[in-house]
Structures are given as C-alpha cells and as structure tokens.
Ligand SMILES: Cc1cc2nc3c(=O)[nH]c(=O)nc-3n(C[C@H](O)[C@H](O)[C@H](O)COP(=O)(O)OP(=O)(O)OC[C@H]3O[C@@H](n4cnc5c(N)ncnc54)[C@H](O)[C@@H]3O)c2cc1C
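Form predicted on its own, single chain, as structure tokens, below.
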Amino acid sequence: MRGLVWFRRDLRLHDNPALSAACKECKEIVPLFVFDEPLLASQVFGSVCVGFMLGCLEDLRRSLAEQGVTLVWRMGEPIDTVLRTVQECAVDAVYWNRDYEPAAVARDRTVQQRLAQQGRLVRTFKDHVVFEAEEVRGLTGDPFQRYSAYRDRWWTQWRSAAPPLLSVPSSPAASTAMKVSAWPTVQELGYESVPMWIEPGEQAARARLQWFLKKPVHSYVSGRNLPAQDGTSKLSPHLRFGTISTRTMVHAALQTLSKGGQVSRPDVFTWMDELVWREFFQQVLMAFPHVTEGPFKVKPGLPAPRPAGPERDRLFAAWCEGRTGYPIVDAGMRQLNQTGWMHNRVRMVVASFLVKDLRIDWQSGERYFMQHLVDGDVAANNGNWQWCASTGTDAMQGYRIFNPTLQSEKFDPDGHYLRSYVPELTSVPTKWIHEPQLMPQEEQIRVGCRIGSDYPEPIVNHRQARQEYLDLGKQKVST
C-alpha cells in the first residue's frame, strides 16, 4: 500500500503519530507539504514566521533524506492541491495529524469527504495537543470555561492515561514518482528575508529543551518574569510548527524531576502548567470557535473601544512603532518588530496598555501580533488577548490594568531590557530609566536624551487613562 503523509504543523520525525502509522502500514510513503497560497497571500503571518517555517522544513527535508525519503512540496490551494497530488501519486491512503483552528477543521473535513468518495483510506491522529477537547471535560460532559478546573482534570487524565512517546519510525521505500524542485525562497513566497534569532528545526528544538531543563527551568518561577534574562524555554515557535511535541516536553520535564539532585519541583511544574494553558486555549478554540470573530463572553462594565478616527489612528501607530513614551511598552513593541518575539510578561503589559490605557479594540492588537510573531498561534494569541481585554474565560470583570511603570521597575529594575531595544535611553541613569520624562532638563542634555525630540513624551497619562477607563465602565453598568 502506498500512503501520503500530509505534513502541516508537525515538522519532525520523533513522536509523530501520522508518520509512524504510515511507515508501519505502507510499503511506500510520499511525504507532502503544501504551501497554502491563499493564506500566504493574505499576509496573516509575518516574514519572520514564514522564514522560520522554511527553516523547519529544510531541517525536516534533511532528516527524511537521511532515512532515504524525499519530502515533496506543492504550492496552491490546499484542498485541490492535496487531492491532485493523491491522484498523481496513486496513493491508497492519506495520513495527517489533526489541527483545531476553525478554518483547518473545515478544510480537513472537505478533504476527508472527497477522499472517501474516491475510495481512499483516511487516517487522522491526535498530535498538536496531549489531550483533545472531548478528553478533558467536566462531570456534565461540557467543556471547561475556567483554567483552574481544566488544569486539575488535565493532570488527572495524564495520571490515568499518559500517552507514550513514539520513536523515529523505520521508513519504508519512498515513492519515486514525484518530481521535486528546489524549495521556494521567502521572497518567492511574497515575504522579506529577515535575520533569524532562533535556530529552526527539530534538532534545534530538542537541543533547546535539554538546555532549558538542565538549568533555567529550576528558577522558572522568578526567571520567567525577567525580560532581560534568558529564563524561558523559548520553545513556542517550535510548538507552533510542531518541531517538538508537547508530549515530549512533559515527559522530559517529569524525567528531570525523577532524577533527583538539585531539582526545583515548584519551578518545573509551573513551567508545565504553561503547556497546560496552551492546551486550555486550544480546547476553548475547538469548543467555542466564535472566539476568532469576537469576545468569548460579553461582560457588563467594559468600556467601548475608542471610535475610529485620526486620534485613534495616531495612538495605535505609536503603539505599533514603540514610541508611546513608556519604555517597557516601547521596548516590547520594538523587540516584536525586530525579532518576531516578545517576552510573555511584556506581552501582557503592552496588551493591557493598548486596551485599557489607549482604549483600542483588542482585535487590532491580536491581528498585529499575528502579523509579526514567529510563534503566531491562533488559539494562544486569541486566548491571551481576550484574557488581557477581560473578554475571555477569565472571571475578572475588566479592572485588571497593568501599570507599565511599576511593571518596568519590578521586572527590569536596572533597565537592561529597556536599553536593549530603546537605544535612545542607553545613557539615561537607572534613576530615570523607567520614567525618563521626569528627568531634569539639564540631565536630559547631559545624557543626550531630550524628551519630546530624542524620545517621545508619554502619549497618555496612565493614571488619568486608568481612571477614565474605570469611570466609563461604571457609566456603562449604571445604564
């Protein structure tokens, strides 16, 4: 039997259910990746994300080649392209790992139906998550709407049915019927070539995990909040493209705990809980797909966003470009624009600032992040933005408002992170680094950072903006 393995968000050999099943059941396999032409043309993702994907694909190509298998690629609309390739290769079965984004679910359903009409076998597998939405449910059978309850049930499910890891499969002969041309460049895909700060591919992901579990994870509770330190795993881009599985990460973390020695159980479990958060958002997306179009839940007391117009556009542009006059907001946005990544603590600060201080709709921030993040993931991005906007599953009624200055002072006290991405502040003394607008004029001249010309004054007064947001919320409730 000849099988086609449709790679999507699973660009690896280790612990890959679809690939393992195809290699076990078929005498020949055709590994296929389809460049989704309409999706690429939509520019939903940015150049750094597409560049990272190409790097992951090249690593996968090399790994498959070492197994004597050729990775085939095609460009076009995914449904027609997959069906056309299936006929071209005369395959008997098609294998893929499931995706849970609404558009992907609809796409896969259509492909499955049309393949069934042709009499071809379709085999799909759980891979992008440890547990799918229906596996972690409440006593009533309904999906969880609170993370804490979901987390408890997730760990109960793990203890009762922890999924094993799959080794790299022994590959059967590859089909030689397909012609394979050179990979398209990022420019040929319609994007710009940008420097890559993170090494793509499965080998890099596995190496990064081992490095992280040796030392940084054991101070994760504090380290994850310090943007100037390399205290997080930075594996989110790899999870986005499936160069490593969540199962692998959880098993590796638990194995670290079992070794004993200098091991911090609270820190390791805090990190694993972040993986469970990711699965929770995937479950929300699967069970409540309307979140991609609007709020998870309409809550009373949330002020309406600022109306469209020149003032709204001015404020939004300043936020996007990192020139708000709030150093931690500007450092975060410039880090995003330059690298395609932003520290998670800073992501919360800049999101709160956009929604609560500037009163700009969270969907605008969500879209901007997706267009620039190397780890842009619909479920995680949407879930975190709705958390910050108080429209999501969180019980908070809208009054969680981050003070950017206090956040900066607490988590980057010496200003190392700020100076890394806001060079105008390089010579500003630590005394003034978090509120440079308070620096005396003579000090501004001495250090070469004049507020209003070299670095912008704050575009809003946080205290006033916070109170205005709260007052608007109270007015809405009273009416």
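All values derive from a computational prediction rather than experimental measurement. The numbering used is simple: start at 1 and walk along the sequence shown.
Keep in mind that the form predicted in complex with the ligand is missing from the display, and what follows is about it.
Q: Indicate whether the ligand has at least one heavy atom within 4.5 Å of a heavy atom of residue 277 in the model of the complex.
A: Residue 277: yes, in contact with the ligand in the model of the complex.
Q: Would residue 360 count as touching the ligand in the model of the complex under a 4.5 Å heavy atom rule?
A: No - in the model of the complex, heavy atoms of residue 360 and the ligand never come within 4.5 Å of each other.
Q: Would you classify residue 375 as touching the ligand in the model of the complex, given a 4.5 Å non-hydrogen atom cut-off?
A: Yes, residue 375 lies within 4.5 Å of the ligand in the model of the complex.
Q: Answer for residue 98 alone: is it within 4.5 Å of the ligand in the model of the complex, judged on heavy atom distances?
A: Residue-level check for residue 98: no, no contact with the ligand.
Q: Name the single residue among 154, 369, 144, 73 that comes within 4.5 Å of the ligand in the model of the complex, judging by heavy atoms.
A: Only one option qualifies, and that one is 369.
Q: Identify which of 110, 236, 339, 264 has a heavy atom within 4.5 Å of the ligand in the model of the complex; exactly one of them does.
A: Of 110, 236, 339, 264, the residue with a heavy atom within 4.5 Å of the ligand in the model of the complex is 236.
Q: For the three residues 220, 232 and 380, verify that every one has a non-hydrogen atom within 4.5 Å of the ligand in the model of the complex; reply yes or no.
A: So, yes: the whole triplet contacts the ligand.
Q: Name the stretch: of 403-411, 100-108, 130-138, 277-285, exactly one has residues whose heavy atoms fall within 4.5 Å of the ligand in the model of the complex.
A: That would be stretch 277-285.
Q: What residues, if any, in 186-207 have a non-hydrogen atom within 4.5 angstroms of the ligand in the model of the complex?
A: Contacts from 186-207: none.
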